[in-house]
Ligand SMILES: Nc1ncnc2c1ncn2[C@@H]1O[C@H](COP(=O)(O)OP(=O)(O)OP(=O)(O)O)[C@@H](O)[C@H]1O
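One chain follows as structure tokens, the form predicted alone.
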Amino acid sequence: MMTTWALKADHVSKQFPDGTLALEQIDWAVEEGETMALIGESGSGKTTLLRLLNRLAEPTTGTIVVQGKPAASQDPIRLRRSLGYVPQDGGLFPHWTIKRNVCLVPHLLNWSAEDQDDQFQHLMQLINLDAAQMAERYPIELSGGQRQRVAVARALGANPAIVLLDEPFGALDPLTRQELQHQFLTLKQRIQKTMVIITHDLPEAFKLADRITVLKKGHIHQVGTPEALVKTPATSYVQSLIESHGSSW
């Protein structure tokens, strides 16, 4: 059976004006419906790769392909509206109500008020928050865990096929983080989306992802399932990551 790729990077490099080479000649792909984790130390190129996928940045060389079409050939605004995106801090507008935040993209896409209401109800149910209680509240009135769940709901606002998440649980306390990881797995089973999630936490990547991409200094060291990384690490760097967590596996 031929693999259907939702996302691809073909010979992609990204160099910044100061000369920093964030990514160098990477070839990478994500299957439709899978959750891919990007992991690596600071400066490995994780966030740069994520930003290339929704054209918040452009590759210096090479081609990004999104759902079978070169990203560079797609209108950047339409492309971003077709992709769910959760930035590191959640990115909620503090002066907007929760409902307005969640319905941002449907509103921009000119959904009817009734359809926006229905989608808000549906998404609140998905993330286990009460729609009636949340609709007119503001982000500052929510806990950190609630804000992150709302950020995920906003990313799902227009029912995108692909969702990009940049360390969505990184700023949370350990107990809240563990709870949201569990809820993410439940949500993942229910929505069946293609997802790319950045994390610094290898156990989190093992828990949430179908496959993991290990990056260091702009190079991909390995792409594989958690089992493959443990049993057959491709480089000494991957092996050191695995060994640093000892008996966690």
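Everything quoted here is computed from the prediction, not taken from an experiment. All residue numbers refer to positions in the sequence shown, first residue = 1.
Although it is not shown, the form predicted in complex with the ligand is what the next lines describe.
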Practice problem: Tell me, please, which stretch of 61-69, 204-212, 39-47, 186-194 lies within 4.5 angstroms of the ligand in the predicted complex when heavy atoms are compared? | Solution: 39-47
Quiz item: Any chance S236 has a heavy atom within 4.5 Å of the ligand in the predicted complex?
Solution: no
Exercise. Considering only heavy atoms, tell me if T20 and the ligand come within 4.5 Å of each other in the predicted complex.
Key: yes
Quiz item: Quick one: does H219 come within 4.5 Å of the ligand in the predicted complex, counting heavy atoms only?
Solution: no
Quiz item: Can you name the residues of 183-213 that have a non-hydrogen atom within 4.5 angstroms of the ligand in the predicted complex?
Solution: H200
